[in-house]
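Single chain ahead, written as structure tokens, the form predicted on its own.
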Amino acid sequence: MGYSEQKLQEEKVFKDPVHRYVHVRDQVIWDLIGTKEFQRLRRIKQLGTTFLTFHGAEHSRFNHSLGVYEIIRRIVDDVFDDRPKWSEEDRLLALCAGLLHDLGHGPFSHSFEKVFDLDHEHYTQATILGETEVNAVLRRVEQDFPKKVAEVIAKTSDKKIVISLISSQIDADRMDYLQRDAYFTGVSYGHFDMERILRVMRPHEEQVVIKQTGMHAVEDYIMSRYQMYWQVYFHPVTRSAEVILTKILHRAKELYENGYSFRQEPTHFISLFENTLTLEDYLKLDEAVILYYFQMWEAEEDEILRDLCRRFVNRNLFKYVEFDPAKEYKKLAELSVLFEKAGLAPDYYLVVDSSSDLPYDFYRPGEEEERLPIHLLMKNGEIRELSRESEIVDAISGKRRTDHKLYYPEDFLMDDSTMKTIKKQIRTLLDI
């Protein structure tokens, strides 16, 4: 028996609050979970700064990755098993790609990526293909198996059905994070009937389709996703924390480039600041490391870095007002001048932040991003795109919602012990 077929003597289970249990019988999966690169995901929060808004949101990328694996395991072992158009040879590929799909996420994922122009998907592939423990496990399956797994995650594989299990508009990734994030934030929006959706999934040609009888469960899933984005993922308090986090990283980078002498040398950041980041450097970064520096930088001489770090560590966040940058650009210019006069650097203390989401769309030729639509398998065997059958989905298809807010330090503006006149002008403009 080859390594790819080896089973554990006894099934291992992880107790899980969302799926009850995560089941592992494959030796390959068990060995991947035990690698240092996968264990690192325990130190990366799934929801970044959301724990500062919803105090229960402390769950990790490790939790989520196991959850995605479990959903895919149930699909390929319980739903797709022995069905035409599904190849049993793709089973292990799907399980490994699902387990490892988030392997390259960095600390405070998306905020961190924006500042340093990084891409977690690049680092996921680099970790799978590089000189890592994960790569060594995958190569034991076969020499080019790491490449096959990386191609599925990069969506360049010819195994289109496997890709759609992990990355489409209804996939194991989304089905896990919606339920998991709803559970840990304590909200009700992210719940939908996953059991029903799994039962009506079918492999068909180059993607997974949904039996027509499951259409209403899919409608519920799409609306759950819509609500989660606007009630949780784009929550303005969470965005305030992200704004401050981003500004801390920008300030530290700017200071380093200007030759500033840090009391706490930013050792883990130097290759980021100098654009010489290696995979080894990247994998040493986690949220405990970042928070250590933030705590140390609370004692820095630079007033801006010191203040921003104190705000983040102690949750003294920026307040916000609704703001339309297209219509209110003159107001923003006026505020920038007044902030300068008040001794507040507008680049760091007056920030426009935008949130945007497209809850569902079908493929539109010429678009930059090809969105694989959800297809229904009709009773007569015909395949129909979801929004052609569902009035609910049709009503939101292709409709992007965007929201803009202006963030500022209210505590400073409310303190009239200094520059009372200027601060009053700012408050009038902000209508606070």
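In case it trips you up, residue 1 is the first one in the sequence shown, and so on. The structure displayed is predicted, hence computed values, not measured ones.
The form predicted together with another copy of the chain exists for this protein as well; it is not shown, and the discussion that follows is about that form.
**OP:** Would you check, heavy atoms only and a 4.5 Å threshold, whether E382 touches another copy of the chain in the predicted bound form?
**Re:** Taking the distances in the predicted bound form, the answer for E382 is no, it never comes within 4.5 Å of another copy of the chain.
**OP:** Examine G186 and determine whether its closest non-hydrogen atom to another copy of the chain in the predicted bound form is within 4.5 angstroms.
**Re:** Although another copy of the chain is absent here, G186 would touch it in the predicted bound form, with heavy atoms inside 4.5 Å.
Original post:
Is the gap between R401 and another copy of the chain in the predicted bound form 4.5 Å or less for some heavy atom pair?
Top reply: Judged by the heavy-atom cut-off of 4.5 Å, R401 is in contact with another copy of the chain in the predicted bound form.
Original post:
Counting only non-hydrogen atoms and a 4.5 angstroms cut-off, does F192 reach another copy of the chain in the predicted bound form?
Top reply: It does: once another copy of the chain is placed as it appears in the predicted bound form, F192 has a heavy atom within 4.5 Å of it.
Subject >> Joint contact, L93, Y123 and R388 to another copy of the chain in the predicted bound form, by non-hydrogen atom at 4.5 Å >> reply: Not one of the three qualifies.
**OP:** Please pick, from Y348, Y226, F262, W86, the one residue with any non-hydrogen atom lying within 4.5 angstroms of another copy of the chain in the predicted bound form.
**Re:** Answer to the contact question: Y226.
Original post:
From the list L255, L277, I166, A217, which entry has a heavy atom within 4.5 Å of another copy of the chain in the predicted bound form?
Top reply: Going through each option in turn, the one that passes is A217.
Original post:
Using a 4.5 Å heavy atom cut-off, which stretch among 146 to 154, 241 to 249, 324 to 332, 306 to 314 contacts another copy of the chain in the predicted bound form?
Top reply: Among the listed stretches, the partner-contacting one is 306 to 314.
**OP:** Between 270 to 305 and another copy of the chain in the predicted bound form, list the residues on our side with a heavy atom within 4.5 Å.
**Re:** K284, D286, A288, V289, L291, Y292, Y293, Q295, M296 sit within 4.5 Å of the partner.
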